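We begin with a single chain expressed as C-alpha cells, specifically the form predicted alone.
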C-alpha cells in the first residue's frame, strides 16, 4: 500500500474516533484555517468555520496531513484576499522549536549525507568535509533531551518574562506541544491583539535579548570598566543573576561554556584569567555599589563577548517571525502532525514540568495516539541512507541503514513513515 494512503486512512480513523475530543479555540468563527492535504503540496487556506462541528466534519472528510488556524481575528476569515478579510486584531503567538537553535544532542542524532560524493555523518555541517560541496541533505531528529530543552525554554519564557515583566497570568496563555520539535504558546488578551508588527518586534527583542545595549544597562569604560548592577530590574538583573550562576558552577563546566564556539567562544588564556579571578569577581558583583570590573586580559570587547553569551542563555529561544507576523497560522490543537503522527497536545501550565511527549504516562495528555494496545507490529523497509536511533515509550529502535527490513510497533512505524524514512513492505 502507498505510504500516504496508509497514513491518510489512519489519520481519518483517528478523527472519526476522537471527533468529540477536538477542542474549540476562542472566537473560532473569526479564525482563518489552513490545511495541507496528503495529495497536494500546496496549503489550502482562507477557510472559515461557523462552528466547531463544521471543523470536526472537515477533519473527518479530508483527514489532512497538517491543520492550522490563525492567531488573527477577521470579520471575513474565508475571503481569499487578505485586504478584504476585515482584520480585527491578533493574539500574540510564540513558537519554540529546537530546529531553530543549537542543542548538543543534535551531534548525536541529526544526520547528514552529501548528494555529491555520498559521504554521511552526524551533527550539523555547512559543507561536505570530504568533497567540500554544499549539496547536503539533513535528517533532523528528536529525542528526550532536545524536547526537554524546548520544554524548559517555554517554562523559562513564562516564569522569567511573561509573568514578572509583562504582568500576564497563566490563564491568558494557551500552551501546546506542537506534535514534533517544540511548543506553542498563544497569549489571549484584548490589549495585545491591537499591537502592530513593529510593536510585536519590540516585544520579541525584549524576550530574546536581541539588540540589547550593554551601555544603556551600565557597562562603560572610563579609565576603568564599570559593570552592570545586580540590583537593577529587568535585563540587568537577569544578566547578573545568570552570570553569578555560571561562575558558581564547577570549573570544568565554566570552561566548557566559555570555550564553546556556540556560547562564550573565549580563548584559553581569558578563560583561565576569569577562573583565577572568579571568587574576587563574585564579591565585586554582589556589592551594592557600582562595580569596577577589573580582570587581567578583559577589555570592553571581551566583556561584551562574554555578556552576549550570557544573554543567549537568559533570552528565550523563540521563532521570531511567528510572533511578528500578524497573519501567521499555527497548528490547531487536537489535530495530528504529519511529520510524526503525534497529536498537537494542549497542556495546562502545571502539567508542563512533568510532561514527556515521547514517554508520557498520563493517557489524557499523551500525544502518541497510535500506540496499539494489542501490540500490533508493522514491517517496513528503510529508504533513507541512515535513520537515527529513536527512543519512544522507553524503548530504543535503530539506528537503521538503507534497505534494512524491520518490524516495529505500530506507533513507531507511523512515526518513521511520517518522517519519510521508510516504506511499507
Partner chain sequence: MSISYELVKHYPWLPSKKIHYSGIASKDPVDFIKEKIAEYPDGELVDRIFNIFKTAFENIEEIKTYKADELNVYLYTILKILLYINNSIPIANRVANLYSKHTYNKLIREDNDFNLYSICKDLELEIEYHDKAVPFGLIVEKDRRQVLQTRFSIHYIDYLRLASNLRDDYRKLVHNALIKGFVLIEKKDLTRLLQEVVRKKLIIEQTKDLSSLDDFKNKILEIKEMRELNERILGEWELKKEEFEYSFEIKYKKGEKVEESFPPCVEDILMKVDEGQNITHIERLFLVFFLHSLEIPIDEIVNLFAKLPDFDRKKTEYQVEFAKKKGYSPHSCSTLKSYSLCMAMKYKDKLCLEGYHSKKLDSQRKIQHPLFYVQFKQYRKHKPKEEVKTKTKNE
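Just so it is clear, the structure is predicted and the values come from calculations on it, not from any experiment. Numbering follows the first chain given and starts at 1.
Beyond the structure shown, there is the form predicted together with the partner chain, which is absent from this document and is the topic of what follows.
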Segment that reaches the partner chain in the model of the complex - one of 296-304, 112-120, 198-206, 139-147, heavy atoms within 4.5 Å: 198-206
Single option in 192, 155, 282, 324 placed near the partner chain in the model of the complex, where near means a heavy atom within 4.5 Å: 192
In the model of the complex, the residue from 216, 134, 269, 82 that sits within 4.5 Å of the partner chain by heavy atoms: 216
The partner chain contact at residue 165 in the model of the complex, heavy atom, 4.5 Å: yes
Residue 212 within 4.5 Å of the partner chain in the model of the complex, heavy atoms: yes
Any non-hydrogen atom of residue 232 within 4.5 angstroms of the partner chain in the model of the complex: yes
Contact label in the model of the complex: residue 220 to the partner chain, heavy atom within 4.5 Å: yes
